[in-house]
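So this first bit is one chain, no partners, the form predicted alone, shown in C-alpha cells.
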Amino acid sequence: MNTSTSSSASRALPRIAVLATGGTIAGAAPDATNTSGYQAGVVGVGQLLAAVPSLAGVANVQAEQVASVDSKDMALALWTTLAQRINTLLAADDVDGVVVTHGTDTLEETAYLLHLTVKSDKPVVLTAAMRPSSALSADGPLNLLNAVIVAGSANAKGQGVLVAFNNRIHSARDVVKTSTYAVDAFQSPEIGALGWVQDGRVELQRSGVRPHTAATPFSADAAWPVVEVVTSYAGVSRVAVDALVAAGVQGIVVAGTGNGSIHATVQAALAEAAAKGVAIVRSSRVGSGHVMRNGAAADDALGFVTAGALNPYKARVLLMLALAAGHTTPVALQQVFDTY
C-alpha cells in the first residue's frame, strides 16, 4: 500500500516507510473502555494511518503490512524478514527513514536486534501502544505521529535504532518495558532517554557511544543459533539447564539475582555446560544496573561471560548474533559484550 501525496509541497517532506507488524497499536476491543480484552494485530496499516491525518503534513508515507501478530508470538524468521526489508528500503534513494509499528511485549528485543543488524545511518524508529486502537484515549495515533516525525528528523540520523514512545526518544540498546498497563511503559532505567519529541519538535540530549547498525559485523541473514534463558531463584533445581544441554542448545543466558549471582546448584550445572562448549552469559533479573565480571575467582574459571547492562532478553539477542558470526570462546564473546 502506498499513501504518498502528490503535491509539490509534499515532495519536499521526508519520505518515510511505515512497516506494520501488528501488536496492541493495531488491536481492537468490543468497546472503548476495554484495554485488556482485545485482539492484537487486527487493524491494518491503512486504518492506522487514516487515524492520524496530520501525517500528511509531516512526511510522505509509504506503508507495508509486514505481519499481523501479537508480539508475544514474535518469531526469529520474522526478525530476519523485517531486518532484510528495512535494509532494502534504506538502500533506496527514495526512502529517508523507516518506522516500525510493533507490539510492546517484545519491542525491546526487536529494537535491539535491528540496532545491531540494520546497515544504514538513516533513522529507524519503532513505536507501539499500550491501549488498543479502539480504546478511549488510545495512545497509538500520537506515538505513530511522533515516530514518523523522529524518522524524518536530521537529528535522528546516525543514532542507531530508536524507540519513540509517550513523547520520549530511547536508544534501542537501553529501552525496556517497565509497566503492564501505563502509557509511559517504556523507560531507559540505567541512563535515561536520549531525548524527546513534542509538537513536531525533536530534541536529542545525548548520543549512544557503543557501535551499532553499519558499524557492527552482525547480520540477521544467518541461521539462528539456539539460545535460551534460565532464571536463578531460591530453591531452583538444575533440571532446566540439564534439559537444555541435552536438547543441544548453543547458548544459555542466566537471569541471575543481584549482580548476576547464580544459585550454587544451577551454577554447577552451567559450569558443566560451559565445559561442553555451551556459551554461558550471566545477566540479572533486577531490571537495572549492570553485571560486573568476577574475574579469575569465578567467571574466568567457570568459562562464563557477563552481559554488562543488557537484560537477559537483549543479552540473548546479542549472544545469538555473536555465535552466528563465529564468536564462540568465552574470551571472544566477552569482547563482543564489552563492545556492543
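All values derive from a computational prediction rather than experimental measurement. Numbering starts at 1 and runs along the sequence shown.
The same protein also has a form predicted together with ligand ASP, omitted here; what follows describes it.
Q: Quick check on this chain: which one of Thr216, Thr80, Ser71, Asn166 has a heavy atom within 4.5 Å of ligand ASP in the model of the complex?
A: Here the answer is residue option Ser71.
Q: Name the single residue among Thr104, Gln187, Ser133, Gln267 that comes within 4.5 Å of ligand ASP in the model of the complex, judging by heavy atoms.
A: Spelling it out, the residue with a heavy atom inside the cut-off is Thr104.
Q: Counting only heavy atoms and a 4.5 Å cutoff, which of 285-293, 44-52, 23-31, 270-278 contacts ligand ASP in the model of the complex?
A: Selected stretch: 23-31.
Q: Look up in the model of the complex whether Ala129 has a non-hydrogen atom within 4.5 angstroms of ligand ASP, and give yes or no.
A: Yes, Ala129 sits close enough to ligand ASP in the model of the complex that at least one of its heavy atoms falls within 4.5 Å.
Q: Within a 4.5 Å heavy atom cut-off, is Ala40 in contact with ligand ASP in the model of the complex?
A: Ala40: contacts ligand ASP in the model of the complex.
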